[in-house]
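What follows is one chain in structure tokens, specifically the form predicted alone.
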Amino acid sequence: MIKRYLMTPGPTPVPEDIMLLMAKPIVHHRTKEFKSVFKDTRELVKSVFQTKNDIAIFASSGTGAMEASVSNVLAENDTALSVAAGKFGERWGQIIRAFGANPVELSYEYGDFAKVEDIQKAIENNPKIKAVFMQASETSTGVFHPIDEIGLMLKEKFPEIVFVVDGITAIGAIDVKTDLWNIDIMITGSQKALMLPPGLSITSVSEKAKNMIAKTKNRYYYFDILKELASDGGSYTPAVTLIYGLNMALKKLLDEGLENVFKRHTLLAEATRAAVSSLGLELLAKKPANSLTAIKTPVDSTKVIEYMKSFGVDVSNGQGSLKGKIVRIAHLGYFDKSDILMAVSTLEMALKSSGVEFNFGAGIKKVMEIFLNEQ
């Protein structure tokens, strides 16, 4: 028997009390009981998103909300800026093209992060740009983009442009200030820092974005943002069980206190990165996110991951051109110090078994020292 430990950047572990809540008998989605929970959940989302904007919740993966933000904001032949430095950033361009709009693609090498001046220049060179689409943290590389600086630049220089951010591995793990940073549409998914199974995509929508959506002739049916915002319990059949789970998960985060939540994620990320340095390894990300750590491996990372899995520890490989080159260790959501101790120790054993020369035990020693100093 092997006990499994899920340390991938989505899905992530689900707390036991949330799992038990979702195991209760299901209720009908048009009852007053459910509508009350749905309304309360939307308000709780606002607190975690740090926004006053309205909230739309769809029964889909996070990509559903990405598609909704494109199909609702852009009409055929509209122009938008798509910023990519990884597989999920590239998805924006693919979705924009799928709906007949024209992406101006600003691309960076994997591991790099977006630059404010590059985005400003791209818009100046393409005055028809209607919206900017990008990630907060790029899940495939572990990079955090400077969305604060970008959002404030857009507010000052291009106030008519809608700023759309994929915060799927950021919301609930990193201190993202949606309203303060001028983010018109912020997106997340249930299976990341919100500590739920996959199945919900959650979106905040500013007044500017709503006005643009109302004026644009778009192509959609299910992913109708304005219709969803106007509903009191979901436009169609909502994921009832997940909504109840989301309600509890949000309350758990707010009970812990957002400041403490962000401190916890910062500590786990810093300890993981310090362990990587102590082992003589390199991070992929030039500007690392606190939600996951992408580590370059001197041997085939697939073998490292398989060895870790033999101890019950599931981590992620690279995607696309990065497959076999990196290990991605998540620390977002239902994670604490013991999880990092386990991940780093099994990583060291995996590297040792692969014949990598390094100071065996240096990584776990560094993590223990950091955690001891936090007591």
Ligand SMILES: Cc1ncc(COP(=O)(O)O)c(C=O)c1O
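Remember, predicted model here, so these are calculated numbers, not experimental data. Residue positions are given as counts along the sequence shown, with the first one as 1.
There is also a form predicted in complex with this ligand; it is not shown, and the following applies to it.
Residue contact with this ligand in the predicted complex: Gly62 places a heavy atom within 4.5 Å of it.
Met66 belongs to the set of residues with a heavy atom inside 4.5 Å of this ligand in the predicted complex.
Contact annotation: Lys192 falls within 4.5 Å of this ligand in the predicted complex, judged by heavy atom distances. Although the partner is absent here, Phe88 lies within 4.5 Å of this ligand in the predicted complex, judged by heavy atoms. For the residues Ala275, Ile168, Ile183, Ala294, the 4.5 Å heavy atom test against this ligand in the predicted complex is passed only by Ile168. Contact with this ligand in the predicted complex, judged by any heavy atom within 4.5 Å, is made by just one of Asn72, Ser204, Ser82, Thr139: Thr139. Between 244-252, 212-220, 88-96, 171-179, the stretch whose residues reach within 4.5 angstroms of this ligand in the predicted complex through a non-hydrogen atom is 88-96.
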